[in-house]
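Have a look below at one chain only, the form predicted on its own, in structure tokens format.
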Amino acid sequence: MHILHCDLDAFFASVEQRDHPELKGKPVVIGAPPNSRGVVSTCSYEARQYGIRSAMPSSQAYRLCPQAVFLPPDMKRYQEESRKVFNILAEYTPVIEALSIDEAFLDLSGSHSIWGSSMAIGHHIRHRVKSELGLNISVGISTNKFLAKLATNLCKPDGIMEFTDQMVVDLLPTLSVDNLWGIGSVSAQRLNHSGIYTVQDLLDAPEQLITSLLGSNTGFILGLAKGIDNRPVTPYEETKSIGNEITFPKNVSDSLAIEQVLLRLSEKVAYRLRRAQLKSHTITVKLRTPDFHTLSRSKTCPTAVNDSRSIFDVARMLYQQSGQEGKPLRLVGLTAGRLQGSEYEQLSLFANSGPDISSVIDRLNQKYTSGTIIPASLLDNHERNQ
């Protein structure tokens, strides 16, 4: 048992309740205000008792619990607290795979001779996070990532659990199928409609039926149903995409306004690419309609790009060809994928040998303030925001 899964309990809300004692014991919702079209980021366990969940529209959360305290996220503070937690984790092993700001896997294969058993290390971590940071962290322990995360889910909040080999035989088959990694609510409903409710039901069903319901993930999920997960704890995963999106306070149908948003997103994504010394081969535009239907359109560029003009040209073309031009939208997103390092750039026969204008703009914006130099078409909007 050398894999630990650590997950801070209701992290954002717990930080707020710790720093503001008057919020302890109260339903706290972190996210958009209830009179907006945004969603819940997370919430305290007191709020969850009313049925509030992450990604729920804030307006719905308010209807479920009008007395809840709604707070905007303070990401800078949460990130600082997260760094403190990960600093504690790093004292027990260098092999840490961060899943998010508040969740990680630890491989303790080389730690037992120094710190003792995995259970002892789990208790150490929980005690230190509580005593030093005033936060609760749940810990799952097992032989692989899936079982360790499952143990955490079963012992939350503020618990510690070891998922043993005997539990793979006795407990795992009795759990509902949505406990398996990769089976969300939609897949679970699909399985339930076919009479498959538990992990044992899944194992007993014909594999051809499971394949028709789960597709290419069937083999992996059936392995999990037997307690098998061969994925290693990976300390670092290369960035696969960089993107930004905007949710409008009111639906927007004006094509020029949408293109202006795409230009603004292109500027942001291009800047992040250059900061990471990356270029992108594939640009994707995400469009969400008022009925929450989401469309994605992508194009692969002949050469990798990280300048806003090239990204915007592709994004605008994808929007114009999406069939949504002139129709109301509630969200627009832009993502740069298939990334490569800038050092692998294939030089053009007609490349400009002078200084890169994007680099000049980046240096000016960094020296003074973000937005010192922006496209002229964004100027009016920028001035309004200022």
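Only a predicted model underlies this, so the values are computations on that prediction, with no experimental measurement involved. Position 1 is the first residue in the sequence shown; the rest follow in order. Think of the rigid core as the biggest set of C-alphas that the two forms share within 1.5 Å after superposition.
The same protein also exists as the form predicted in complex with the DNA; that form is not shown, yet it is the one meant from here on.
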property: Contact label in the predicted complex: E103 to the DNA, heavy atom within 4.5 Å; result: yes
property: Contact test in the predicted complex: R288 vs the DNA, heavy atoms, 4.5 Å; result: yes
property: Residue contact check: R264 to the DNA in the predicted complex, 4.5 Å heavy atom; result: no
property: Contact label in the predicted complex: G323 to the DNA, heavy atom within 4.5 Å; result: no
property: Contact test, all of T234, Q277 and T303, partner the DNA in the predicted complex, heavy atom 4.5 Å; result: no
property: Sole residue of T211, S109, S296, T164 within 4.5 Å of the DNA in the predicted complex, by heavy atom; result: S296
property: Heavy atom within 4.5 Å of the DNA in the predicted complex - the one residue of S194, S241, S253, S176 that qualifies; result: S241
property: Partner-facing stretch of 95 to 103, 255 to 263, 82 to 90, 132 to 140, counted where any non-hydrogen atom is within 4.5 angstroms of the DNA in the predicted complex; result: 95 to 103
property: Stretch 309 to 332: residues contacting the DNA in the predicted complex, 4.5 Å heavy atom cut-off; result: R330, L331
property: Rigid-core frame, C-alpha of G323, shift of 2 angstroms or more between this form and the one not shown; result: yes
